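Just one chain is shown here, as structure tokens, and it is the form predicted alone.
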């Protein structure tokens, strides 16, 4: 195959690597919480019921932010049900996923868990069935020092020091007809603005995320963002974006090229935000929180109406293959390549529900294939994201036309003197890569690992948890100011270069 070519120069950068790009998501949905992160009585559980085997995997994965408690779940959630003595908490009907919610795990448990995994909490407030007052009450409980109704209740529950939660989502997917208490853009825009203003009076340090469209296929996509931001642009710090890419929803080539759609989605939302700022005479350049993204066969899901009432059921527990790992890797590459404007990203979800980590009740936890590109990128993306000039053979797709067979990003850490190239070969043949490093001389050592397999449908399961793992790729070498490598078919690759 004709080689793909990259040109890298430290003078041309996109922005610093934002650690919040490596976020995840825990929702009260299926087994994400119960028998996922929380399972009292499990052999690996601690005295609080947290599964330590999952804690260890989350740390290994490098998760920096976790969004909680939803998701669709939050729009019918009473946060007060999840604090205080567990044996006094009420069971509730969760209208989002038709589940019986015991509330055995709530805010206090989540904050204990997030500290254990060293991840920053990102809390969502219910703007579906509740509103401004309840959002401020929750913020008061979480962040006010002492001496008020809700802060004193937190102290009574055993936590004298505030949780000091900085990141807050103003609802979830409020444009969706499936959302409990959904809103029109006008209704939500005003509610988001007024809630933001009130929350900042409780704690002016908070960072607030307004709801963007649920996905780019919504009939109101972009017009929703425009109307919402005309109301709340000056009161929020981020607008959200959500996207899931479906391996069962079309041709395989388009699925492997899903990052093309993510790139266009990001560009459209940012263009809309900048248009609104210009219209309002504002100099504000809003940032994007891509706080739900992943691979999900959602065309095979029958929706909440297909579910029976149950407590922590097995729900969309997708098994991921090597092709999914390549797609996830390309999505991470896209997020890096928008590091100037995308400030937060959360892969949805963390355990069991379309997740990189799977568990069994009373049994083991293991890494799915998509765990590895996330962990590798979180570990090695450091410093600044470089602009990558890519020349690559075409890759024909039904949805996007011809796209490059190569997706790539690069980061350069001045302090450590390390250059890292992240690359996905979407094609079914090995892809030669030639990188021009004239602007980055002096590297002496190169290491190349890939997530790949002779069978792109290979999966990790309970029985074969290590079937797909990152492995060294031989032959990658430096030739003066050039790097040469051979990328395996349908693969995610990390090439690290260090100075001697």
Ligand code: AHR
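Keep in mind it's a predicted model, so treat the numbers as computed, not measured. Residue numbers count along the first chain shown, from 1.
Note that the form predicted in complex with ligand AHR isn't included here; everything after this is about it.
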item	value
Non-hydrogen atom within 4.5 Å of ligand AHR in the predicted complex for each of 33, 113 and 366	no
Partner contact for residue 354 in the predicted complex: ligand AHR, 4.5 angstroms, heavy atom	yes
Residue 231: touches ligand AHR in the predicted complex, heavy atom cutoff 4.5 angstroms	no
Partner contact for residue 453 in the predicted complex: ligand AHR, 4.5 angstroms, heavy atom	no
Partner contact for residue 25 in the predicted complex: ligand AHR, 4.5 angstroms, heavy atom	yes
In the predicted complex, the one of 97, 141, 245, 412 near ligand AHR [non-hydrogen atom within 4.5 angstroms]	97
Position in contact with ligand AHR when the complex is considered in the predicted complex, options 292, 101, 175, 321, heavy atoms within 4.5 Å	292
Which of 65 to 73, 467 to 475, 453 to 461, 48 to 56 lines the interface with ligand AHR in the predicted complex (heavy atom within 4.5 Å)	65 to 73
Sequence-ordered residues of 326 to 363 touching ligand AHR in the predicted complex, heavy atom within 4.5 Å	348, 349, 354
